[in-house]
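Taking the form predicted alone, here's one chain by itself in structure tokens.
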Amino acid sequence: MTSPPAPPQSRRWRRRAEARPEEILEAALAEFIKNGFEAARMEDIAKRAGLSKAGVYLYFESKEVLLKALIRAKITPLAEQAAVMAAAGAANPLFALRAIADMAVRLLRDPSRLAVPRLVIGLSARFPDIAEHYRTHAAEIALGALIGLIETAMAKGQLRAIDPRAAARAFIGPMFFEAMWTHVLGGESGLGDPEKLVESHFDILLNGLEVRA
């Protein structure tokens, strides 16, 4: 025997309850950006989310838990997307690497995408468990995908025999610098033309700097 459908008010309440964690995360991120992680208060996060302080604690027991949830909500999906692109591009790994680089530099144009990494970098010395959470739920996923693509490219003869871990870091390095230079240090962005930046990056990565006979 099937249960009768929930009345409209009950369905609205359920949808609202299901949306609460996302609303709290958005409120927490706004407070962390505005006041800094350590100065942000749970009651202010609750007020911004339209909840009582107890309502926030119903979903998240601390600011550390909130930030870890933000990592999983905002950054893990991007790392997983890179992993999916790497797996789908195994037949042509260099093309897949370019596609991942293109995605990365376009994301770098959006400061909101870098809000969580900036918070983690600033807190990593004082909150090593948050740094570890970021590493295991984001950085290691993306790095593993890149290492796998580089190993596949070597196996196909597209790249010479190199240390794939060092090559993956060389791949990431310029984009990481661009993020730090622009969004942390306030320098002028080099992303006026993302496609040109990717092409230059790959030219240097694949061909090097040294003039050869």
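When you see a residue number, it is the position in the sequence shown, counting from 1. As the structure is a computational prediction, the values presented were derived from the model and not from experiment.
Another form, the form predicted in complex with another copy of the chain, is not on view; read the next lines as being about it.
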> Does S52 reach another copy of the chain in the model of the complex if we count a contact as any heavy atom within 4.5 Å?
Replying inline: no
>> E178 versus another copy of the chain, in the model of the complex: is there a non-hydrogen atom within 4.5 Å?
In response: yes
> Is I33 close enough to touch another copy of the chain in the model of the complex, meaning at least one heavy atom pair within 4.5 Å?
Replying inline: yes
>> Residue-level contact is defined here as any heavy atom of the residue lying within 4.5 Å of another copy of the chain in the model of the complex; does E61 satisfy this criterion?
In response: no
> Can all three of M103, P111 and A155 be found with a heavy atom no more than 4.5 Å from another copy of the chain in the model of the complex?
Replying inline: no
> Considering only 147-164, what residues come within 4.5 Å of another copy of the chain in the model of the complex, judged by heavy atoms?
Replying inline: G157, Q158, L159, R160, I162, D163
